[in-house]
Structure formats: structure tokens, C-alpha cells
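Shown next as C-alpha cells: one chain only, the form predicted on its own.
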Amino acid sequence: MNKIKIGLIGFGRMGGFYLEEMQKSNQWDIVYICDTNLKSRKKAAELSPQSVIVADEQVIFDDPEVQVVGLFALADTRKKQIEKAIASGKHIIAEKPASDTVANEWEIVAMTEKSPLLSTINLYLRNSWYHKSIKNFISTGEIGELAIIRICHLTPGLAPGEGHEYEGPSFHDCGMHYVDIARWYAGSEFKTVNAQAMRMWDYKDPWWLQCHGTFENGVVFDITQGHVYGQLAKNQTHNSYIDIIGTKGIARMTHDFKTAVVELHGITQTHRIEKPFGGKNMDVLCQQFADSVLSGERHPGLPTIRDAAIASEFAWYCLENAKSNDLPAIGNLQTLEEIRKHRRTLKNGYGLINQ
């Protein structure tokens, strides 16, 4: 089988994850890796000696043999890169968000939907075995009609000032995944929302946000997300779950980033499923995209740029909505600096920069 020739642009934490998954597969030929940072280029050369390591992304777009580009740099770079990819006839795998502003994201949606080229974006929760298991169970009618979707994701995670500049505050950069998965479950568009946020450590942007509202089909949701959960605790922990309530039964999941546990309580069936968590599921995304390129038919499981734009716009709206309510600030910048200093030397934690 001929391997798909790809050029990776952006070799930070996420770019490294994609490289690792593509190297495990027999579907990809990683021809180029591009990064403007010398340290990142040296690391790429060590990890992928067969690839051509470049600092200028234009080399990749100008090579007619490259079939796919992987866009894993910061969000403010992606609009121009997607324009170049379409102009040079290359399929696109992108990190989320699609760009640094909502207006740019919708321009990208228009560009990619007019193009015959394939494009997808990393909304990784859609590819997780646990969410697929729950959604399949819901489709059997075992919990009756879907009524309430409750999602919580609280970790220490990235602190303010550690890389969210173009991706936005915590509820946008991370929280848009949970916005997207709620919409995926509901199979409907958002209708109403009310949000409450907290400016932890007196930082300028909220780093914790809870929102609740309705979808157009009447399903109710609540989402709680924040990277504020015990940042300086001696032993770090987290709180992450989804709780789906139907008119007759329920389905829920919890995980510890190593193992996920799904519990299904239906009218005739009860199941408890425990499996490895699966990380960011990039193996699934990369395989589905490779299969799509090779077959010429888009895999139905691939997220679209439109999906990401909707999730991004709604997450930004929640942050703006929270500003219209009481937006308290508790803590101080001195504590935040202690957190940043602590995280620079932390070896075992959540969302570590040096992982």
C-alpha cells in the first residue's frame, strides 16, 4: 500500500502526539516537519530522522508530492495555512480551534466546504470509546428519551499565561471540547444559555466557568470546566464525568486519565465497562482520515471544521455571557505566580508544559 505523504507544521506538544501516532501506523509517510523554533526542530530530527526538518512552511506547500498537511501550530497561524493548503491542493488535519477569532473560523468553514479537498479537526472526545458506548446505548432506547446532559471536567491543568493566548481562556481552549460533545449527544443546536464564571487568582480572564441551558429539541445541559482544581495541592487530583439522564434510565462515565468506567442503567440491561482511557484518541482520527484520503470518501466519524466553529463560537459566547453576571475574583496574582513556578518543576501532574 502506498503511504500518504504528509507535512507536519508546528512541533510543540500536540505536534509530537500526532507524530507518535502516525509513526505507529503503516499509512503515513512523514515527509516534512516544520517549526520556527530551533529546539523543536532538533527534537523533531531526533524523533523522525527520515523526515526533512524545515523552518519555512512554504517548502511543504510548494512540494506537489505532499498530499496532506497537519496544522498543529498556534491558532493565529491556521487561517493562512488553510488558505495555502487549499491553493496547493492538500488535504487538511488541524488542531482546534480552527483560528484565533470567530470571524476567521467562519471564513475557514466557507473555504473548506467549497473545496473538494478533505479537512478535519481534532475534536477528540467524539473518537473516544466511552462516549461511543454511551451514545450507542442511548440509541437502543434503554434510557427512554434523552433529557439531561451533565458534564464536568475540573483539573489543575494549564495555568493562566502558559499557552492559552491565541486559543483563549480555559473554557474556550479546553471547554469547547465539552461544548462539542454535549451538542453531539443532543443531536441539536443550542437554544439558550446562562453562564457563571470565576476570575481565580485575580487573573484578567475567567479560569472556571459553569453554564446551563437548552437545545432546540428541548434537551437540557450543564457544563462545568476549569483548570483550577487543586493547583498547589500536595497530591494532585481531578473531577471528570459525564452523566446522561433519560426519561427511563441513565448512562454515565468517569475516568482518571488512565482508566475510564462506563455505567449503563437501562430498563432491561445494566452494564459496567472498564477499559484504558485512550488519551486524545489521535490514532482514531489519523486512521479515519487516512482511510478517507485513500478511498476518496469521507469517513462519517470525522469531525468537520463547522463542528469546531460552532463549539468555539458558543464557548466564546458563554465567556461573554458570564461577564454580564457577577464575575468575582478570588485569590491574588502572587498565588498564581506560585502556581506557575510550581508547575515549571512539576514532574507528575496535569497538562504539564514539558510533557
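Numbering starts at 1 and runs along the sequence shown. Being a predicted model, the structure only gives us computed values, none of them experimental.
Missing here is the form predicted together with a small molecule; even so, the following discussion is about that form.
Proximity to the small molecule in the model of the complex, taken as a non-hydrogen atom within 4.5 angstroms, holds for one residue of Q27, T36, Q288, T304, which is T36. A heavy atom within 4.5 Å of the small molecule in the model of the complex is found for one listed residue only; from T77, Q196, T101, S115, this is T77. In short, of 131-139, 187-195, 105-113, 171-179 it is 171-179 that has heavy atoms within 4.5 Å of the small molecule in the model of the complex.
Among residues of the shown chain, G12 is one whose heavy atoms approach the small molecule to within 4.5 Å in the model of the complex. Among residues of the shown chain, F72 is one whose heavy atoms approach the small molecule to within 4.5 Å in the model of the complex. Contact annotation for T120: none of its heavy atoms lies within 4.5 Å of the small molecule in the model of the complex. Taking the partner from the other structure, the small molecule in the model of the complex has a heavy atom within 4.5 Å of a heavy atom of Q81.
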